[in-house]
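Shown here is one chain on its own, the form predicted on its own, set out as structure tokens.
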Amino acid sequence: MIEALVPPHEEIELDLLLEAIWRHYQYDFRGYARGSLHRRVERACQRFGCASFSALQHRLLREPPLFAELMGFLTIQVSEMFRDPAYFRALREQVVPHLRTWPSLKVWIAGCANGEEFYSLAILFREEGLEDRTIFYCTDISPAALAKAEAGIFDLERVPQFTENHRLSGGRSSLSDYYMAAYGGAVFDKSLRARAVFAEHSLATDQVFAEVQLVSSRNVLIYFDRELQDRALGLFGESLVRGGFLGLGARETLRFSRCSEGFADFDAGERIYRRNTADLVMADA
């Protein structure tokens, strides 16, 4: 399907809106993929009753509480536990044996959204006996998403899909061992969060904060333009120890990145890469 051309005046208005958000709220969406971002801003305009992007900008600069709701449109928080089970099976069967060789582990879940991927990894690490030596850094640009991730409560109707994904990923127990039904949802065991740190972090503006053995950032880069993708991949590379692992989403790749020389394919089919000894292009290069 061919997308309709965006009128030039809307491109200008979108540029000005994103610049206003950056200058007033210090959230940088200027490097996000334009097609997807344009559609999301259009939906926000409909929600807030704004006839144009300029009208939305006017309201944002004068009504700060509106920005928190707008973040729900600008960020994508769609995921599921053990999404793409073959990826988690590859981690379990191929990556975990290497992770066992480190006496302590740090895992960075970049763009953790509402927490589905974190709980998937926390359960996997518990089942593989690595939880007690692991710290999980769960980061996202959205404070609301981080709050949901830390709460660990998901709609009950989603649990059957989570359960099937867990089974297909090679789960060694029943997913029901890790949650209870309460508050109208599935509440995941708070002990899974005992070794997790939830923090705001922007791949567009922030820097590396830890040295880690695994970065899992899936279906985040697809919403960035090429320059911001390179910046994010540079951060991942700088954060990883030599021999550390990077997991991306099914539609994401390192192939055309300026950081590609710093990695080797580990499981190309599941988009898992391994940090090698080559020099990396720095994130802000």
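A quick note: this is a predicted structure, and the numbers were derived from the prediction, not measured. Note that residue numbering follows the sequence shown and begins at 1.
The same protein has a further form, the form predicted in complex with a small molecule, not shown here; the description that follows concerns it.
Requested in this report: May I ask you to choose, among 219, 253, 54, 260, the residue with a heavy atom within 4.5 Å of the small molecule in the model of the complex?
Outcome: Checked against the cut-off, the match is 219.
Query raised in the report: Looking at 161, 94, 202, 191, which has any heavy atom no more than 4.5 Å from the small molecule in the model of the complex?
Result: If I apply the 4.5 Å criterion carefully, the residue I get is 202.
Query raised in the report: Heavy atoms within 4.5 Å of the small molecule in the model of the complex: which stretch among 79-87, 182-190, 148-156, 161-169?
Result: Result for this chain: 79-87.
Query raised in the report: Going by a heavy atom distance of 4.5 Å, is residue 113 a contact of the small molecule in the model of the complex?
Result: It does: once the small molecule is placed as it appears in the model of the complex, residue 113 has a heavy atom within 4.5 Å of it.
Query raised in the report: Could you tell me if residue 142 has a non-hydrogen atom within 4.5 Å of the small molecule in the model of the complex?
Result: Yes.
**Report entry** residue 48 within 4.5 Å of the small molecule in the model of the complex, heavy atoms
**Finding:** Taking the distances in the model of the complex, the answer for residue 48 is no, it never comes within 4.5 Å of the small molecule.
Requested in this report: Report whether the minimum heavy atom distance between residue 32 and the small molecule in the model of the complex is within 4.5 Å.
Outcome: Contact check for residue 32: yes, within 4.5 Å of the small molecule in the model of the complex.
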